[in-house]
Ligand code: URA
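Take a look at this single chain, the form predicted alone, given in structure tokens.
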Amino acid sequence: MPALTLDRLLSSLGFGSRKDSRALVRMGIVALNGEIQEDPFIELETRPDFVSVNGEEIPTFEDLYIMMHKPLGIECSHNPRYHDSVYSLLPSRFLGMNIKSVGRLDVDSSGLLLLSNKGDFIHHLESPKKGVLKRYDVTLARPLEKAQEKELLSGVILKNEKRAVVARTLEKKTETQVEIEIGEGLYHQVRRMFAAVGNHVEELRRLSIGTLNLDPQLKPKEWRYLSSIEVNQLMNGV
């Protein structure tokens, strides 16, 4: 295994190629333990916890697990068509680390969004077979009728889907506001489910994925790293 040099470290953190990373060091803006480094080829005996780039302390882990409070009017796409991308709210270096959203929230939906560059994590949370629950706060155009509630809990067939999908739980807060849990996460699933029973979703906000709730301290557009405990809980369903 090649020795961990400073340019390799920076490249692994999304600062571009090793050539790009060497250029950063030679600009005199990279520091370790408060000391500016001038040699991009310096060998690091152990991986430091942080490296400073242009005055910003950067954690040096390569595995990204991010929670974001997604606002309205933002697309979950690397190539947005009509609006800004959620990736514009993150450090640009994350793109070089191949970060992706774990499922999507459409431009008219808000709330909890997870992002990662770990394929097993993404697959575990996205796969309908895993059945990881996603909970949403929904505002409806019309009062939810008993018949509609019963149909959602027993299962509805969505267009272009082979199997019925069910609301795992459905809690009525007011006549037009409900909380719903689903296990699949299909394209626009919650909106399509309510449309299938003759209602219409006006507002949609994701509250939780698995055991993880949206951090109430995060304002729209803000994000934070997940803790190792949170990651383990999501992966193990505890």
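Everything quoted here is computed from the prediction, not taken from an experiment. Throughout, we count residues from 1 along the sequence that is shown.
Note that the form predicted together with the ligand isn't included here; everything after this is about it.
Interface membership of Leu105, defined by any non-hydrogen atom within 4.5 Å of the ligand in the model of the complex, is confirmed. The closest heavy atom approach of Gln189 to the ligand in the model of the complex falls within 4.5 Å. By the criterion of a heavy atom within 4.5 Å, Phe121 is excluded from the residues contacting the ligand in the model of the complex. In the model of the complex, the ligand lies farther than 4.5 Å from every heavy atom of Ile209. The three marked residues, Ser109, Tyr136 and Leu204, each reach the ligand in the model of the complex, with a heavy atom inside 4.5 Å.
Here the chain stands alone, but in the model of the complex its contact with the ligand, taken as any heavy atom within 4.5 Å, falls in 97-105 among 77-85, 97-105, 148-156, 122-130.
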